[in-house]
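The chain below stands alone and is given in structure tokens; this is the form predicted alone.
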Amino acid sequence: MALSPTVILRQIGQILSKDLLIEWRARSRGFALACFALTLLLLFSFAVGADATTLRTHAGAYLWMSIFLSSTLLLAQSMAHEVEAGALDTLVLAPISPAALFFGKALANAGQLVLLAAVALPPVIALFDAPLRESPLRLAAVVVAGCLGVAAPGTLYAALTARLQSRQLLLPLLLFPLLVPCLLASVKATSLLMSGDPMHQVNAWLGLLLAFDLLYWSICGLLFGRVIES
């Protein structure tokens, strides 16, 4: 039986609030994830060395690489606790739309990624001496769009690999090739916002990022039902 849009929206809100409540109760996991992202930033700075110009030029790339690498841990865990507790099978059998389940979980993952980016951004500015030269609101838009681009396919592939023993290895292998356009657009837009945008290129990169977001969220929302039922 087809569910009405109002019911689906209510179900999305319930799934979203459930996932956020679980993460809030397991705050130590979020703290560990933030520490992992900050450790990656330190490793990038140590690898490049004392070349301040190179560090400043590529600060946006270091920020997004730390987010992308950390995202695999977050995404895998978001589905692992559903499988381990047997909750995913219960949700599949319940009268819940697969689309509502996908959008609720993907929005929860996106919100956590945005929070992770907000935590990582000040150390990036401090470590790499990369002050923001453009509007903070534009940077916020890029961060949100980039995190949305990671969350949608990440949620789909996390569900696909959740029941596998080697999910921690398979998830990045499947996910990262798909995220190359999202990574490129996010890094270019962020770098321009940090170094200056005299040619007004940020809007073009942000538009490309939003186009991929729309593509990812549409296709992944359609495929999610088949993935969790398989």
Partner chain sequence: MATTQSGGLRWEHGLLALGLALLAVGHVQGLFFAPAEAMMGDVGRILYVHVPTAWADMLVYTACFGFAVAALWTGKATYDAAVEASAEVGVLYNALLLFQGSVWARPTWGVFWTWDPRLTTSAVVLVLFLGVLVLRRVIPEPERRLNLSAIAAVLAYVGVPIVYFSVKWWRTLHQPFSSPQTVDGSFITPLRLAAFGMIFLGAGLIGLRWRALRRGLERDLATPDLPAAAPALRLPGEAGGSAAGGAL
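Residue numbers count along the first chain shown, from 1. Remember, predicted model here, so these are calculated numbers, not experimental data.
In what follows, reference is made to the form predicted together with its partner chain, a form of this protein that is not presented.
> Would residue 181 count as a contact of its partner chain in the model of the complex, using a 4.5 angstroms cut-off between non-hydrogen atoms?
Replying inline: Heavy-atom contact with its partner chain at 4.5 Å: present for residue 181.
> in the model of the complex, does residue 160 have a heavy atom within 4.5 Å of its partner chain?
Replying inline: Output for residue 160 is yes: heavy atoms within 4.5 Å of its partner chain.
> Is residue 227 one of the residues lying within 4.5 Å of its partner chain in the model of the complex, judged by heavy atom distances?
Replying inline: Output for residue 227 is yes: heavy atoms within 4.5 Å of its partner chain.
> Within a 4.5 Å heavy atom cut-off, is residue 39 in contact with its partner chain in the model of the complex?
Replying inline: Residue 39 lies outside the contact set for its partner chain.
> Mind checking whether each of 173, 205 and 223 has a heavy atom within 4.5 Å of its partner chain in the model of the complex?
Replying inline: Verified in the model of the complex; spot residues all in contact, yes.
> Which of 107-115, 67-75, 149-157, 132-140 has heavy atoms within 4.5 Å of its partner chain in the model of the complex?
Replying inline: Every other range fails; the passing one is 149-157.
> Of 209-229, which residues get within 4.5 Å of its partner chain in the model of the complex if you count heavy atoms?
Replying inline: Residues within 4.5 Å: 211, 212, 215, 216, 219, 220, 223, 226, 227.
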